[in-house]
Structure formats: structure tokens, C-alpha cells
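Next up: a single chain in C-alpha cells, the form predicted on its own.
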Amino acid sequence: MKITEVKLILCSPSRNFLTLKIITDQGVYGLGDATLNGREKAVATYLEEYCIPCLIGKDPFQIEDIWHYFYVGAYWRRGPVKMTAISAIDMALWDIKGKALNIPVYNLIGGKSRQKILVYAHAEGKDIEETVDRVGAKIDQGFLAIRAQSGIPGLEDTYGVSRNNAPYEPAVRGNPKESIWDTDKYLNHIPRLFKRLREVYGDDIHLLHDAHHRCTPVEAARLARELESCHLFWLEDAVRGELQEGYRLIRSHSTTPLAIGEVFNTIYDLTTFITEQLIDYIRMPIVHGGGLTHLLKVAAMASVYHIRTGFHGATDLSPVNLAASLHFDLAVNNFGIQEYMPHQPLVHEVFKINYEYRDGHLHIDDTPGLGVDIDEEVAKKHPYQRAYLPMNRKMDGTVFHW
């Protein structure tokens, strides 16, 4: 079997997605998600100019060798654009191998370690009481784990909170939207939210929260400590992770579980976090973290240090990535939880899925390969539209972390 053709499908059914399609001389093809929110065309160019010409003629079964060909062989390593391109190739190759062998991908990477995949939903409101109501609605839908975000008094916009009751989508058409931020207001507000949630719903429901990289280590230590009595499943991205050592201070002051990695793309972003046990969950997604081939190594290393997976799974990633994540989640022993934001109905007119939500869990069938397909003709009806993620400024105008 040889690779004879590679396509890129860039479309926007309610939001932008970039899909890689690798086709073989035996007619078997595989799909990979290459979406990088707000930078889709950068990945498309990298694939078109530097990867696709080198894929033609290769044996798609040689996944490990092809991974190193594009990571090591290119000399310039790491970075979100390059690693998203490699991830898409890797996903598509696993999809091809599963289809060719007539077996689902989870059986190629170890088989089932569990029968269903625990997921967490998102709930948010303009204030504490609206967030409490939204959490209750998710509980009514059967969710056992819920990420709660709330508007902050005195701030017009807050990460994770929709302003018009529509599904939260931060990427906007045109130039980046600017928001105003104040960490002190945030630190005073969030403990009140979670104390109220525990008052209303008790201790059985898993509660999560995303700080979205906006605290310093000492601020994050304060927040994590104040949230200890609320028994969070995790506090996510409390501090931006480029300086891994910054988490030592948080860890020394609190037992609140910590998660990070949504913006990471290689194991080298995580070595200190793992070996010093500074985190409890790795969030690096398959689509940005080098594909299944690389994440299997990351999960194996993490398992030695009692760290579990909790992959990013927002709607800025396509159903192809979610399917790949579910195969991975089924197979690895140190799975923790999977983020789940349902895509808009229009997305499912383009992508045909083989997974479903039931009773707080996702279930995926035994279709060979990844099990997700794309309708290229429908995709053409939804052309790409340039969009950017927002940016933040402090109240004095200083550019800050979004």
C-alpha cells in the first residue's frame, strides 16, 4: 500500500475546521484534524508546502517512521503549527491502518481499558445564580462532571461566558476582540461561586474550573487554597505553563488537583510538571500534541508519576479529533476525563460521527479506523471565514493573557 494523494479540506460550518485526507493506491483513506483556532491557514500552508509532497509514495503503515520523518527530519522542531500538521498526518495514518485491517483504532493501541468514557460539560452564567441554574440543567442531562464559569462583577466580558445565551464561541470574524480583565475581582468572586454550587448540589457532582492562564503563582496558590473545601475535580490552567517551575508554589500551598496543557504540543512542555508531580491531569490534545503516536508516549510517562489524561475537547476541534481522543481514552489505563462540548448541528452535516453521549459518558462504536467521515460536497458549501481568538488587557490598558 502506498500514499498516492493528499487533500486539505478547509471549511466553516458554524466555525472553521481544517481536515487532512490521505488516500492510498488501494482506495483506503484516512482523516486527520489539522484545526488550529485562528491559525488554520498557517497549518494548511505548512502541510501544503512541506509535508504533503513528502508523503506521496510512502507506506502508510509505517506510522512511527513517518512521525519521526516530519519531527526529527525537518530540523526545526516543536511549535503549534508544525505539531498540528504532524498530528493530522498521524491521525490519518492510524485511520488508514484501522480501516485496512478492519479494526477500530482503540484495538490497535491496546484494546479497551474501560467500557465508556467519563466526560465533563460546560456551564456558565452572567452571575453566580445563573451559573447555578445552568449547572443544574447539565445535571438534569445526566452529566456527572461540569466545568463552571461565571461572569465577574465589574467586568463586561469573562472567559467562558456567552453574552447572548448562545453556545460559547470565542473566535470572532474580523480583527481580535479586546476584553478588559482584573485578577483581583476574579479572585474575590470565584470561591463564592463554588461554595454556592456545593451548597445547592452537594459533594457528589464533579466540579471543574478554568482560570485560563490569568494568575501568577502566588495568586493561583491563594485561589487553589480557598477552593480546597469545595473539592474541585481540577483547577485548570491556573498559571501559564511556559515556566513549569511556577507550579511548585501552588503545589506547596494546596491539595486542589491541577490540570494544564491545552496549549502544549510536545512532551518537553511537560517534563518538570510530570517528574515533580506538579499536576494531576495532562490536557494536551491529540490534534496539537503530535497525534496518537506522541500522546501514547506522553501518557506512558505520566502514568509512572500517577498523572492522568484530561484532553482538551472544545468545539474549536473537529469531530475527527474527538473520535481520535475517544479511541485513546478507551485504551490507555491512566485516562482521567474527557472534555465534551457538543458541536452545532451544522457541523454534523459535514462530519459523520460514530460516537454518542449517554448518561454522563461518551460511547464510540467499533467502526474500523477512527469511524468519522467527511462529506466534501457539503463542506464546499461552507467556505472558510477568517476569525481570531480574543485578546485581553488589564484595566490600565496593559496587554494581558487571554
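Quick note: we count residues from 1 along the sequence shown, nothing fancier. Source: prediction; values computed, not measured.
What comes next is about the form predicted in complex with a further copy of the same chain, which does not appear here.
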Query raised in the report: Which one of Met301, Leu155, Val132, Ile139 is close to a further copy of the same chain in the model of the complex, taking close to mean a heavy atom within 4.5 Å?
Result: Met301
Query - Candidate from Leu223, Ala331, Ile146, Ile128 lying within 4.5 Å of a further copy of the same chain in the model of the complex - any heavy atom - result: Ala331
Query raised in the report: Val350 near a further copy of the same chain in the model of the complex, any heavy atom under 4.5 Å?
Result: no
Query raised in the report: Does at least one non-hydrogen atom of Val28 fall within 4.5 angstroms of a further copy of the same chain in the model of the complex?
Result: no
**Report entry** Any non-hydrogen atom of Arg393 within 4.5 angstroms of a further copy of the same chain in the model of the complex
**Finding:** yes
Query raised in the report: Does at least one non-hydrogen atom of Lys7 fall within 4.5 angstroms of a further copy of the same chain in the model of the complex?
Result: no
Query raised in the report: All three of Gln338, Ile364 and Lys381 touching a further copy of the same chain in the model of the complex at 4.5 Å, heavy atom to heavy atom?
Result: no
Query raised in the report: Thinking of a further copy of the same chain in the model of the complex, which stretch from 339 to 347, 352 to 360, 369 to 377, 44 to 52 has heavy atoms inside 4.5 Å of it?
Result: 44 to 52
Report summary line: Restricting to 62 to 86, the residues within 4.5 Å of a further copy of the same chain in the model of the complex through any heavy atom are Gln62, Ile63, Glu64, Asp65, His68, Tyr69, Tyr71, Val72, Gly73, Ala74, Tyr75, Trp76, Arg77, Arg78, Gly79, Pro80, Val81
